[in-house]
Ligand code: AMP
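Only one chain is shown below, in structure tokens, and it's the form predicted alone.
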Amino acid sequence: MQQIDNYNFAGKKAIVRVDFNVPLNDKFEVTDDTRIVEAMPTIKKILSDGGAAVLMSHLGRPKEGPEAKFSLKHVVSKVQSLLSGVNVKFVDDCIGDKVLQAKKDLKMGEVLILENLRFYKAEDKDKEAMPGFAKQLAEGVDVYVNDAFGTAHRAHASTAIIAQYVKNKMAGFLLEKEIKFLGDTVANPEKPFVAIVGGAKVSGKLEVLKSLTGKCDTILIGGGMAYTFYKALGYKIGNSLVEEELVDTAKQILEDAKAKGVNFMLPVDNLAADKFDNGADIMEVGTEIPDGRMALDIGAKTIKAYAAEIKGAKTVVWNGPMGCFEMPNFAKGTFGVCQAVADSSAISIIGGGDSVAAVNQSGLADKMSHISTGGGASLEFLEGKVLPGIAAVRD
């Protein structure tokens, strides 16, 4: 893969696939600019070299063509504030004569933001139209840079197909960072390697569990998925979440882990509630959940046991919360594990979704080695899948 650090953008116009799919309030103001901030190193590299940057992204899920609330014009002021002194322009389309003219008029040192890619079905849904759409996106530029890891698992026009129509292609700094941590670190982890896997369902993490079982020394299980494993072991689970159709699969995962010498740990105690509510009556129980109750978090003994495993680790990958952390009374497990990871000296990789939200809420984000910007993409990468958006920018 061509390294962005080794490329000189002087006199070049680079089209950059960024992930500006950011939350907006009712005044269409950006409420969390993390993804925009993460793209800045790549954009600033292009500009400081003496090049120009054309930025393209999606925002939200527009159903039928253009919708004002999903316009990327709403992010322009935020981008401008982060690029002090740079002329940031916007064009209200992403293909066509108007856009091509805007690209031609773009001066070196300037930034042009294109309108939402998903206003066209050819970006992500209309497969027959994708090549033509990608070719138009590539018109008027010299270089293609993919810096949107969050969409790298999708073979969309702007993430994969466009690379066929631009001679020079490469990953941006953010994408390189994700490849380094999620790919290189997990492929050749420093041992002991501990994986923390949580979340509601086994089905959503099935391939990750299979992949990690072959690589990890220890796997720590939490969240709703734990009780499908409980059922597989014959424990009483009360009204806890369970995927009946995956009980046999859970048994197989446990057997595979044992055969490979993996320390596969399940909660030894739980907080069992009489209803799914922060104000529920809570009972501390072991591995048997009483009838009429549901386990909504791991207990104190489990937090302590998991923290001990994390303390001895050299590499930690975490994907998924330990309980219903959105409710304060069931957040101790998730935040306890979060504190343990923060306190450890291990390389720590937080893999997308709710676990990232939990780390951010805990105020411990700066203690983690790497927090992935991709939910589905980080999962698929951990599964060992080839992501189209990454494959497209490899030589």
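All values derive from a computational prediction rather than experimental measurement. Numbering starts at 1 and follows the sequence shown.
The following text describes the form predicted together with this ligand, which does not appear among the structures shown.
When contacts are defined as a non-hydrogen atom within 4.5 Å, all of Gly224, Phe276 and Asp354 contact this ligand in the predicted bound form.
Across the options 112 to 120, 162 to 170, 320 to 328, 244 to 252, residues that bring heavy atoms within 4.5 Å of this ligand in the predicted bound form belong to 320 to 328.
The closest non-hydrogen atom of Ala200 lies within 4.5 Å of this ligand in the predicted bound form. Although the partner is absent here, Ala295 is a contact residue: one of its heavy atoms lies within 4.5 angstroms of this ligand in the predicted bound form. Looking at Lys205, you'd find a heavy atom of it within 4.5 angstroms of this ligand in the predicted bound form.
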